[in-house]
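Laid out below as structure tokens are two forms of one and the same protein chain, each shown alone and named structure 1 and structure 2.
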Structure 1
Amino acid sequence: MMTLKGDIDALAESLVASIAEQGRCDFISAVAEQFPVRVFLKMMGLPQERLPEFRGLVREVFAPRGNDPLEMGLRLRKVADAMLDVIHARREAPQDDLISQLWALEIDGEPMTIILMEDYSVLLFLAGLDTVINAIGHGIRHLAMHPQLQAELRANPRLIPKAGEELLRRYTFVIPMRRVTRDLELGGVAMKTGDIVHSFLPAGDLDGAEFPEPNLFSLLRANRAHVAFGAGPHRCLGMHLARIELQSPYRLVLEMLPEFRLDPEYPAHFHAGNLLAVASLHLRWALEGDCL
């Protein structure tokens, strides 16, 4: 992942530079959506010009819904179909990307199949195209609401990685789904084989038994362990890339923009579902000679 850092920093710098002279923007559409999605499309070997199409599919998959597995299956089928031409092309002509590397894998000694390729590609696609966007959105929103924190991080950029971890804890937003594999009772609740469980990770990272004053963001917090990336065998495979991607825009926004705040004319919008997502985040900052 560290070999990608130079390209990641350059992309983040170009995106922040593109808004610096505007004095205001919707940070989600202008930077947060563009940044990790471009990085991930390149890693997967998917065409950059299809970015709007792919983002639309991700929004559709993660939109609030009921527990109908058929509906979810149809949404995931659309994602697989959107990548199918590239998946088949990489089997015949491998390139330097993740889809080509997946084709080279063996699972339990057996060669990769098209069914497994679709499953793995969809999983990576959804994880890579949405989670970092929301982490950046929540983090930049917090900074916009706390100018004193902006000043502290500008004065001491070495604190940015620590701030990034505390932001992940405070604004954990992923609610993964799991299927119960055997009948059991948990916390007095009977669970049956095949039941769907929504693991509300945000509640874990706001547990007062683990984190004193859990709603408070604190750079001095002693316990910085969190479950924003999950835990155990399901711990996020892309967490190292995510950390690099998060630190880069935080650092560059603080370097390249003056003090910024939420734009009172356009309140932030959110949506729920499997992700607690920031849908839009309008910011304002003063240009040279202006005042807010």
Structure 2
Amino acid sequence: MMTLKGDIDALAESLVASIAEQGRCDFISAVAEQFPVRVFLKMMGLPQERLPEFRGLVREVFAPRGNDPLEMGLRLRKVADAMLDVIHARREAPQDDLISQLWALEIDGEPMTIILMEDYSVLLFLAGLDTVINAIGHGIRHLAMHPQLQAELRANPRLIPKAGEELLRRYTFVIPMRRVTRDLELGGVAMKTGDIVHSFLPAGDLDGAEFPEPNLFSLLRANRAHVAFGAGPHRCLGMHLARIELQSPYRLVLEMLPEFRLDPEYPAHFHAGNLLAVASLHLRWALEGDCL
């Protein structure tokens, strides 16, 4: 992942540079949404010119929806179809990208199949895009609400990785689902085979027994073992990439923008489903000669 860091920093820098002279923006659409999509295109070996198409797919796939599995299936089929040409091309002519590396895998001694390739590519799309967009959204919103923290991190950027972890804990936002495979009772709750369980990770990271004053952001916590990336065998496979993707925009926003605040004219919007999502995040900062 560290070999991607230079490219990731350059992407973040160009996006933050694109807003620096504006004095205001919706940070989600101007930066947070484009950034992981560009990283994803690069990592998968898809051309950057396909950014608008993949941004459109992100919006469509992650739009709030009902519980219709058929509709979700159709949305995911679209994602697989968008990558199918490259998946086929890399089978014949591997390059230096993740799709080529996936083709080289064997699972239990069996070679990869096109069905598995589609599944993994869609999984990476689902797992690696909306998560990063929202983690950045929550993190930047917190910074916008706490100018003194911005000042502290500007003065001491070495604290940014620690701050990034504490932001993940404070704003844990993924709610993974599980299907119950046998009748059982857990914590006094009866569960039946086939039931769907939402494991509300934010409750774990805001548990006062684990984290005293859990709603408080603090760089001084003794316990930093959060579950924002899940726990157990399905713990996030992309967490090392995610950490690079979060720290890079935090660092560059602090370096390249002056103190920024939430824009009182346009309150942030949120929505909730499998994630607690930041749908829009309007910020303001002073341009030279102005004040906020």
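Here, a residue number simply tells you its place in the sequence of structure 1, counted from 1. Please read these numbers as outputs of a predicted model, since none were measured by experiment. Basically, rigid core = biggest C-alpha set you can superpose within 1.5 Å across the two forms.
**Q** Among the two displayed forms of the chain, which is the form predicted alone?
**A** Structure 1 is the matching one, since it is the form predicted alone.
**Q** Could you tell me which of I87, I140, F40, L168 sits at the hinge, given that one rigid part rotates relative to another between structures 1 and 2?
**A** The listed residue located at a hinge is F40.
**Q** So the chain behaves as two rigid parts; what rotation angle in ° separates the smaller part's two orientations between structures 1 and 2?
**A** The rotation of the smaller rigid part against the larger one between structures 1 and 2 is 9 degrees.
**Q** Aligning on the rigid core, what is the distance the CA of G109 moves between structures 1 and 2, in angstrom?
**A** With the cores aligned, its C-alpha sits 2.3 Å away.
**Q** If the core is used for the superposition, what shift in Å does the C-alpha of P52 show between structures 1 and 2?
**A** Reported C-alpha shift between structures 1 and 2: 4.4 Å at P52.
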